[in-house]
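One chain follows as structure tokens, the form predicted alone.
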């Protein structure tokens, strides 16, 4: 592999950061799509020159942008996200019913096998698929049929923010929704079922057996072991060894089990990363110390990774889509903060340095390993 490309979405545009395999010196390009909120930027693993971006603004609405030259130039593609049939209503914050309304695209997930296929997770929560590079979109409406009338927004809205595709079987897809829970399809999106057994949400759900309504923040998978899933929940870090059929807690000795992102080492399926923050009301690192935590045992036993990160008076947050890894031989780990920093580690998290400072607040970080 010759290098990496780090794709950064921010409140005021997208940035493309590139380096060779040493990952010591970085070229910074941007802002692209300047002035717009870029909720997510992600490239195809099949065709690295193909990159998608979700561009949103309260004034002009939602646009999907696409680059076919590695992020140098961009052009809008399809922007019609129409729910199938009459979407009806869903639960609102106060327990009343509220009309289903499309607001924005939170996440774009290109197919691991076909550069023309890309999935979109939107708010109000639904999953869309495009088979023509984002020109046209079709809702996989079987998802909303799983008690969609009981889904309720989280603090950031009712968003489908995580899409995980089994690279060995693209008919199997996992999604997570705030605050509806986690779901799986085994038939390409025609039918779905909740995968929430073992999750506990005593503060949000008085019914301990409720299968929808859990606030799942993120899900991660190692591509060589797709039956094992890791989850950062509203509270609790969780693990499933059977594709989500049953979850158990692996928070262990973390200083806080509240956080947003979770990631898996590219070559070590039992090595996972989280970024704890203090609580659901105080979205900053415990003790003002920015620490990534790593477990080499699939959870429970965690170590703080601090070398190169600020260890005093640091009160930034790391959002759910702002942590990623590359696939170089020495796995690189990357994350962005609401303070506008993007940090990188070229040694699996042992040491860190800032690629760039003073960007707008970072909403997403994704990585392409370049041939």
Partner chain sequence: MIRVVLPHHLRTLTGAGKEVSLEVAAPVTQRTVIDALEARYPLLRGMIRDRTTQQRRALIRFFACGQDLSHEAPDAPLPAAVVNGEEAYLIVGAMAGG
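Keep in mind that this is a model prediction, so the values were computed, not measured. Residue numbers count along the first chain shown, from 1.
If you look for the form predicted together with the partner chain, you will not find it shown, but the lines that follow are about it.
K.L.:
Report yes if any heavy atom of residue 80 sits within 4.5 Å of a heavy atom of the partner chain in the predicted complex; otherwise report no.
P.N.:
Yes, residue 80 is a contact residue.
K.L.:
May I ask you to state whether residue 57 is within 4.5 Å of the partner chain in the predicted complex, using heavy atom distances?
P.N.:
Residue-level check for residue 57: yes, a contact with the partner chain.
K.L.:
Does residue 188 reach the partner chain in the predicted complex, with heavy atoms at most 4.5 Å apart?
P.N.:
Residue 188: no, not in contact with the partner chain in the predicted complex.
K.L.:
Is there a heavy atom of residue 308 no more than 4.5 Å from a heavy atom of the partner chain in the predicted complex?
P.N.:
No, residue 308 is distant from the partner.
K.L.:
To test your reading of this chain, name the stretch in 38-46, 321-329, 59-67, 299-307 whose heavy atoms come within 4.5 Å of the partner chain in the predicted complex.
P.N.:
Selected stretch: 59-67.
K.L.:
Under a 4.5 angstroms heavy atom criterion, identify the one residue in 252, 88, 76, 288 near the partner chain in the predicted complex.
P.N.:
Checking each option against the partner chain in the predicted complex, the one that comes within 4.5 Å is 76.
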